[in-house]
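Shown here is one chain on its own, the form predicted on its own, set out as structure tokens.
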Amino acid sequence: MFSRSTKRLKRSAAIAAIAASAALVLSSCSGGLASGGDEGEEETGPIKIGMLAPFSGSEAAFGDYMKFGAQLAINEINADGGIDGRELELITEDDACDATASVAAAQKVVTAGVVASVGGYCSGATLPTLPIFAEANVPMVIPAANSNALVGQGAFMINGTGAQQAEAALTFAKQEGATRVAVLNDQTDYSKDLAVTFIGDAEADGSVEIVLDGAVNPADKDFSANVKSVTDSDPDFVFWTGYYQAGGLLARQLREAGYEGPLLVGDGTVDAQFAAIAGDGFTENVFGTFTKTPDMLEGADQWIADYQEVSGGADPGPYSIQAYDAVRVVAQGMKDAGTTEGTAVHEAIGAIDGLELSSGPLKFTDEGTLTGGGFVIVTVGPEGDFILHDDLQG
């Protein structure tokens, strides 16, 4: 066990570097790859990689984004000969963003013989799977979930953390000249964590006043009481940290109540469904904190076309490329370790230095997080999807 944009990113060669790096992972494999499982049978069979993601429920769209991104990386690795001649196989299970369902899903993939996990979207569903994978000696590389509660628990996170997202949100609020900020969460672990961290940062910084720290019931459709609390607090900036379904309704009802200031949303709301739920005319002056998606990266056209071939024509979305990167990180760990044995792979992943990901060269902190969060500011584009607004690079 082991413990489309108003500004262009400067990472014009990122995708090309990723593709080249992916090929390097494979071509540099040498020597025999010892099995982490039942010797003999496992050494000649596929290397099974598990992914828990929401394929049902309100966040189901993200499951497919992640699955197709991971499958693209696996297809590329297998086309180049696999890991020391062994192919990778993706085993997916639906966690429905639900803690109980995620535990059952984790147990299923462990029983199926996975030797690494590349899943995790909702933090509240990811947290209870940590001890299951640890007990099974299965290294975890989490592509999306980012609650601070996940930090230092033995898993690797290739999305920025909640602390890094809160830092980006406060930076943007100050850039916008905010002085009175209202914060609303949806009572999920992820949302509360982001709200609490942001408020703590703002109070420590002293540059903005938190005029409301509120919470909504995400099952509601009528947020009039929450909206009244917001308007009564007279904010010049609103930060919503929950998911997009409630976020879309809340955005519409805030505008209908007369709030015209900036509405910043966390990455759980950054999806085209937000605009569809809010409706035409209710997405002006809406921004989001987010890590980069392929359409925000110059030179990504071929990657997007390859993804569409895997997905049956669907465009990539949030966390597609992070899931792609997660598979590559696991593959690099196996190659460096020369085995699929969990402890050795975990240690090898932690030692990776410089593998080119969409967020930049990979280097983990001692707690398994990225040394840089990579959060940018996005806004709702003319077609309802979120596009890059500010890369926060000054």
Partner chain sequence: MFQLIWNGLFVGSFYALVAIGYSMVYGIIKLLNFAHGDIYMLGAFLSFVVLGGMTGILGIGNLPILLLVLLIAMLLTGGLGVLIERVAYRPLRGSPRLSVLITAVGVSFTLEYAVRQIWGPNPKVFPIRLSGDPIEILGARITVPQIVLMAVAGLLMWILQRYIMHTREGRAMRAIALDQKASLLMGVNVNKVISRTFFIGSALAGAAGVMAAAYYGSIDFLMGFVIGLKAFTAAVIGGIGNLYGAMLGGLVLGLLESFGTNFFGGEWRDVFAFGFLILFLTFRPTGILGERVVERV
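Numbering follows the first chain given and starts at 1. Treat the numbers as computed from the prediction; the structure is a model and nothing was measured.
Same protein, other form: the form predicted together with the partner chain, not shown, and the subject of what follows.
- Only one of the listed residues (D220, D306, D201, E87) places a non-hydrogen atom within 4.5 angstroms of the partner chain in the predicted bound form, and that residue is D220.
- With the partner removed from view, the residue among G350, G45, G338, G57 that has a non-hydrogen atom within 4.5 Å of the partner chain in the predicted bound form turns out to be G57.
- Judged against the partner chain in the predicted bound form with a 4.5 angstroms heavy atom cut-off, the residues R328, S359 and T371 are out of contact without exception.
- Stretch-level contact analysis of 57 to 65, 329 to 337, 363 to 371, 350 to 358 against the partner chain in the predicted bound form, using heavy atoms and a 4.5 Å limit, identifies 57 to 65.
- Of the heavy atoms in Y244, some are within 4.5 Å of the partner chain in the predicted bound form.
- Residue contact with the partner chain in the predicted bound form: G279 places a heavy atom within 4.5 Å of it.
- Contact check for K108: every heavy atom lies farther than 4.5 Å from the partner chain in the predicted bound form.
- Although the partner is absent from this view, K228 contacts the partner chain in the predicted bound form, with a non-hydrogen atom inside 4.5 angstroms.
- In the predicted bound form, just one residue of 171 to 189 lies within 4.5 Å of the partner chain by at least one heavy atom: Q187.
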